[in-house]
Each structure stands twice: as structure tokens, then as C-alpha cells.
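Okay, here we've got a single chain as C-alpha cells, the form predicted on its own, with questions on binding and movement later.
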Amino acid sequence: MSPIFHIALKELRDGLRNRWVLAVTVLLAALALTLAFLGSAPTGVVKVNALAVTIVSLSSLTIFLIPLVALLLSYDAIVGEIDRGTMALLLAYPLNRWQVIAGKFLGHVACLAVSTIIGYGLAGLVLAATGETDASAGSAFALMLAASVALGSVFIAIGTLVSTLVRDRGTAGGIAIGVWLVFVLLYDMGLLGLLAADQGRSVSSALLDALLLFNPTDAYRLLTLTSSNEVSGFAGLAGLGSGSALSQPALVGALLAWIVVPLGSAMVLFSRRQV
């Protein structure tokens, strides 16, 4: 069997053995169910689909929580193994270094995917059982699940890259938190400040679209919150979705690029690193 599969399976088993997957699943399920029940409360008055409300709420939760979980999972994937002395033993086997990166990445993605799909899926199943959904909202919810896993994969790839760059776990952890702050909080604050200062003079819609693609969380937000008319209308993004030139394939491509570029960079750097 492929060394990549063996390494990925080991990472998944480690996540299950140390209760990491269970803890994240319980956390996501608890938050998702809370948001689902709170979101379904006003639907009888305003006639809003409960699942559409839940998609908007879970998308906002995902932007803050999933990148942090992904970075905490992957920031010591390489440097931690080197510090413990197990990386030299692993590399003694007949495998390539890029296979180590790929295997760890896939194993961490599997851990996060299991937690996300079970945690968020439970909320979707509860709403479906109560009849608070329809086919359109169901498709948007499925897209949100897939996009959430993709967003987590982006930050796992970034965390893996950070882990190949540094020499100790403390530095890797600090950089990981800094990455989370930049992409989740500071980037959008800076973008809003730029738009407010520019007042539409220099920043065109095409430039704004490009700037949004430079942040994977913005690409995720646009992808999930413009997935259907009901969701985008409730999220207040109907105008943004219609005025933006970014199609769903373009947003999916941006997320894939955010996975491939950091992961490929980590493979190249690790192949040149002394262990």
C-alpha cells in the first residue's frame, strides 16, 4: 500500500486515539445545534427557511473556528516530529519526503472532515427531520459542508508550510496564531478601511474581487452565502453576489489554489531541509 495512505491512516488513528476528533466533533455539534434551534425560532413569523438561517450562522462560525482548529492541528506536523526525533526514523523507510507531507496533510484533513461533517451534519439532519428545510436549502447546506472542509484544508496546508519553515514548536505556534489573526480578522478590517478611505475612486469592482480572492475566508464566505437566493438574501449578500464577477467555479478554484500552493511549497522546502 502507498506510504501516503499509511501516514494518513496513522494521523487519523492518532486523532481518534487521543480524543481530538471526538472533542472537535462534540464542540461543532453543540454549536451547530444551538445555532440551528435559535435560527428556527423566528421562522414562523418571518417565513424564513430555518436551514437557510442555519447556513448563514454556521458560515460565520466556520470562518472563526475551523481555521483555528486546522492550524492547531497542523502547526507542529513536521517540526514536532523533528523535535521528538521520530522524523529521522520515519525517513529511514523507503519513501519520499513529499509523501510524508502529503500523508500528514491527508490524515489531518480526514480528522477535520470527520468532525465537521458529523458535527454540522447533525444539525442539518435535525432540521430535515422537523421539516424546516427544502431542496434548495439542502443543496446549499451540502455546499457549505464541502466548502467548510475545503477551508479547513487550506489552513492545514498553511499550517504544514509553517511547520516546515521553523525550527521549534513554539515559533510554529506563534506564527500559526498570527496567520489566523491576519486572515480571519485583520485582512478584512484593512480592506474595509481601504474601501472607506477610497470612497469608490480607485478600487474598482474587479480589483475588489481580486482582493477578496487573496483571503481564503472571503472566498469561502462568498461561496457559501451566495449559493442560493434565499441564503444570500438573508445574509445581506444578494447585491454583492449579483455585482461580483466571481462565479462559483472561480471561488472553488481560489480555494483549491490556496491548498495547492502552500502544500507544494511545503513539499519543496521539506525536501531541502536537514533533519
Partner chain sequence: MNAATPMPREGTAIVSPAAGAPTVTLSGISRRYGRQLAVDGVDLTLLPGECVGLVGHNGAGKSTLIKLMLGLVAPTAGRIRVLGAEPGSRAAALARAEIGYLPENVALSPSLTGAETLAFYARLKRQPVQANSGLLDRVGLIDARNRRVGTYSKGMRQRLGLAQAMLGRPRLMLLDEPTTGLDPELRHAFYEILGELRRDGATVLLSSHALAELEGQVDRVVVMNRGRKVADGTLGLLRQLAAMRPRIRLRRRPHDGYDWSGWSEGPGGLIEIECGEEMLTDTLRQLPSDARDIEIVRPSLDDLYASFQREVR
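No experiment lies behind these values; they were computed from the predicted model shown. Positions refer to the first chain, counted from 1.
In what follows, reference is made to the form predicted together with the partner chain, a form of this protein that is not presented.
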Pick from Ser204, Thr171, Thr86, Ser139: which residue has any heavy atom within 4.5 angstroms of the partner chain in the model of the complex?
Thr86
In the model of the complex, the residue from Leu95, Val126, Ile117, Val184 with a non-hydrogen atom within 4.5 Å of the partner chain is Leu95
In the model of the complex, Val268 touching the partner chain (heavy atom, 4.5 Å)
no
Taking heavy atoms only, is Val166 within 4.5 angstroms of the partner chain in the model of the complex?
no
Report yes if any heavy atom of Leu91 sits within 4.5 Å of a heavy atom of the partner chain in the model of the complex; otherwise report no.
yes
Go through 77-85, 191-199, 151-159, 105-113 and give me the stretch that gets within 4.5 Å of the partner chain in the model of the complex, heavy atoms only.
77-85
What residues in 10-32 sit within 4.5 Å of the partner chain in the model of the complex, counting heavy atoms only?
Lys10, Arg13, Asp14, Arg17
